[in-house]
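The chain below stands alone and is given in structure tokens; this is the form predicted alone.
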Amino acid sequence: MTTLANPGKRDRLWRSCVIALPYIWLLLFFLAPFAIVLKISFADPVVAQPPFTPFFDWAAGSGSRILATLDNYAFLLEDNLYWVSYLKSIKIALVATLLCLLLGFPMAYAIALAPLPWRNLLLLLVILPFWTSFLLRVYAWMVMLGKQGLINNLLLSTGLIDEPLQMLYTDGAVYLGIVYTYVPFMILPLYATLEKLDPDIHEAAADLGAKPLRVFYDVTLPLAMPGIIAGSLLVFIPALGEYVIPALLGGLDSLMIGRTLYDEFFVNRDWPLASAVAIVLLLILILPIMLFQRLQQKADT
């Protein structure tokens, strides 16, 4: 009995360790940093190292007391700069996500319908930009969008324009950079969903008299909804907190919350206020994730 019980115990112990690994990862690299940032957001800025007041006051003879303030969150409500940055970021992220969906859905559908030997090659072309440094790709767009860049020189040589266009340091350049960077994150989940669709369903709908557009809206689109939601989240979440693309391609009006957060941390050295900005940003990001989980639960039931 002992020899039979020991393997069972080892198996249960091994399964427990495997299951515990993701929770340990989340504890160390998400919950712990989140708790630290949350703690700093309730502090006051000081000229010291670190540049914020401690959370506990260990006064001699009087025990410990919590030093916490809500002034940083109140300041976010009073200053329009932060709400403008939040709303600007949400607007740019939503529009960029929609553009990625409009561009990525036909590409993913075409890859899913392509012959098997061609699918791997087409998917390789989709992920090929990831083999190059993200920063170099953004700098390449700066060169192409400049007044003396490739696009302006091409338009001038063809006679379509008489003087260079101001394309760099605009919202359009930010949209272009975000869509170019994150459209593979839309294509891959969509392809994973569309590739599983049974073509017989489309043929059955066509045999029943449905036109191609009707088949798309009534059959393809509902079945592809999990991929649409997953791809939209993969684009919207990083685009909302994007810093590099607005900083390099956007102008002064392209003030997104990622750039505001960077300025508060490294320019103003106001870590408590920057932490409050980060906490609010995280709460905004949690909302679409909760919505996605609720939609998944409805789909499963």
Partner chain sequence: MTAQDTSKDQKDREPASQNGACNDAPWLDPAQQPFIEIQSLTKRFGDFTAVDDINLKIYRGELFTILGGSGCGKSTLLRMLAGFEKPTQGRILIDGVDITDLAPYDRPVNMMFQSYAVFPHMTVEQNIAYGLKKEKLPAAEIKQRVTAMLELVQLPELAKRKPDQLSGGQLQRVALARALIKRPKVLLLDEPLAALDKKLREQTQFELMNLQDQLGITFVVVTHDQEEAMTLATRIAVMNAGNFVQIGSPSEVYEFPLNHFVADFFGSINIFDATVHSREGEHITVTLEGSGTQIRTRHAQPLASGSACMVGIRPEKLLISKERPTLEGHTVTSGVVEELAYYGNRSIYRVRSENGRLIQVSAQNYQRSAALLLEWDDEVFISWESSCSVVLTE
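Note that the structure is predicted; figures quoted are calculated from it, not measured. Positions refer to the first chain, counted from 1.
Although it is not shown, the form predicted in complex with the partner chain is what the next lines describe.
J.: Using heavy atoms and a 4.5 Å limit, would one call residue 129 a contact residue for the partner chain in the predicted complex?
T.: No - in the predicted complex, heavy atoms of residue 129 and the partner chain never come within 4.5 Å of each other.
J.: Does the 4.5 Å heavy atom contact test between residue 207 and the partner chain in the predicted complex come out positive?
T.: Heavy-atom contact with the partner chain at 4.5 Å: present for residue 207.
J.: With the partner left out here, check for me: in the predicted complex, does some heavy atom of residue 147 sit within 4.5 Å of the partner chain?
T.: The answer is no: residue 147 has no heavy atom within 4.5 Å of the partner chain.
J.: Does the partner chain come within 4.5 Å of any heavy atom of residue 165 in the predicted complex?
T.: Output for residue 165 is no: heavy atoms all beyond 4.5 Å of the partner chain.
J.: Considering 219, 112, 94, 155, which brings a non-hydrogen atom within 4.5 Å of the partner chain in the predicted complex?
T.: Looking at the other structure, the residue within range turns out to be 219.
J.: Using a 4.5 Å heavy atom cut-off, which residue among 87, 81, 225, 201 comes into contact with the partner chain in the predicted complex?
T.: Going through each option in turn, the one that passes is 201.
J.: Tell me which of 156-164, 169-177, 112-120, 192-200 has residues with heavy atoms within 4.5 angstroms of the partner chain in the predicted complex?
T.: This holds for exactly one stretch, 192-200.
J.: Would you mind checking 123-154 for residues with a heavy atom within 4.5 Å of the partner chain in the predicted complex?
T.: Result: empty, none.
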